[in-house]
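First comes one chain, alone, set out as structure tokens in the form predicted alone.
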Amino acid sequence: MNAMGIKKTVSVLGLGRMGSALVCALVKKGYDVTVWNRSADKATPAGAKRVDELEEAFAAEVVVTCLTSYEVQQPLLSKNIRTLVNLTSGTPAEARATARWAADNGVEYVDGVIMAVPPQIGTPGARILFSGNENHYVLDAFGEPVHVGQDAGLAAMYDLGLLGIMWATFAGYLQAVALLGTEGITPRQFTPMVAQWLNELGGMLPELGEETQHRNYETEVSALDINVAGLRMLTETNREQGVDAALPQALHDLYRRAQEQGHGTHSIASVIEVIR
């Protein structure tokens, strides 16, 4: 509601699973919601008004985009938009380019990423990282807004960093499940131990991060030499058990490169020098 008690108008472009979830959350919060989608095959969520012409959608005070890519989004944008809340996933460079377009055309701009799945939208469990303009606009309707900086590209950078950790973790888990499966060990037997192990590893991250920040890799705990040897054993065991060894081999090669650069007696954190 605005100061006069009139419903704030919001348009959502894109009615995929996530876009539809955003619409439902806005309707639930009492916004006057208009929706637009490229094709007519997606159902209009209850409480929202469907329009066929983009210009009708741009009449709203806030336009939220949740499309498949920036390539799809770019031709749809118009200087007639007053405030653009962009929740289309992409790269930091794409976000910054859209922010420049918005500035050139007098459009208020927020770039955001959704760290949640559609069923979580509208609950406290949905975290919305956003950058650029610090105004939340309608993000509160979707979950918990977290501002990560003035640079419009930072939300996408955080997003990709966090997703990279997720993808690497899932890949490591699946590799382990495949390996242990060759001995008849089931995921149900193994996974509780994995969860406990990941919780313990999470507690080590702050120290690891500090080491990378200060580039002080001296250690009395676990030198890189030991870990290179361990990765060699992991790679060989996967091959012996008939499991694809591309992932452990890649990790072994990465760690070994750091070892060859003189970090053998240093901590695992020294591997970042190769990555950098």
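Given the structure is predicted, the values throughout are model-derived calculations rather than measurements. Residues carry their position along the shown sequence, with the first being 1.
FYI, the form predicted together with a small molecule isn't displayed, but the following is about it.
Exactly one listed residue, out of Val138, Ala152, Leu87, Ala102, brings a non-hydrogen atom to within 4.5 Å of the small molecule in the predicted bound form: Leu87.
In summary, among the residues Ala178, Leu198, Leu162, Val72, the only one with a non-hydrogen atom within 4.5 Å of the small molecule in the predicted bound form is Val72. Heavy atoms of Arg257 never reach within 4.5 Å of the small molecule in the predicted bound form, leaving it off the interface. Although the partner is absent here, Ala97 is not a contact residue: none of its heavy atoms lies within 4.5 angstroms of the small molecule in the predicted bound form.
Mapping the unseen interface onto this chain, Ala25 falls outside it, with no heavy atom inside 4.5 Å of the small molecule in the predicted bound form.
Within 4.5 Å of any heavy atom of the small molecule in the predicted bound form lies no heavy atom of Gln241.
Residues placing heavy atoms within 4.5 Å of the small molecule in the predicted bound form fall in a single listed stretch, namely 60-68, out of 213-221, 227-235, 243-251, 60-68. Shown here without its partner, the chain carries Tyr31, Ala48 and Gly143, none of which come within 4.5 Å of the small molecule in the predicted bound form through any heavy atom.
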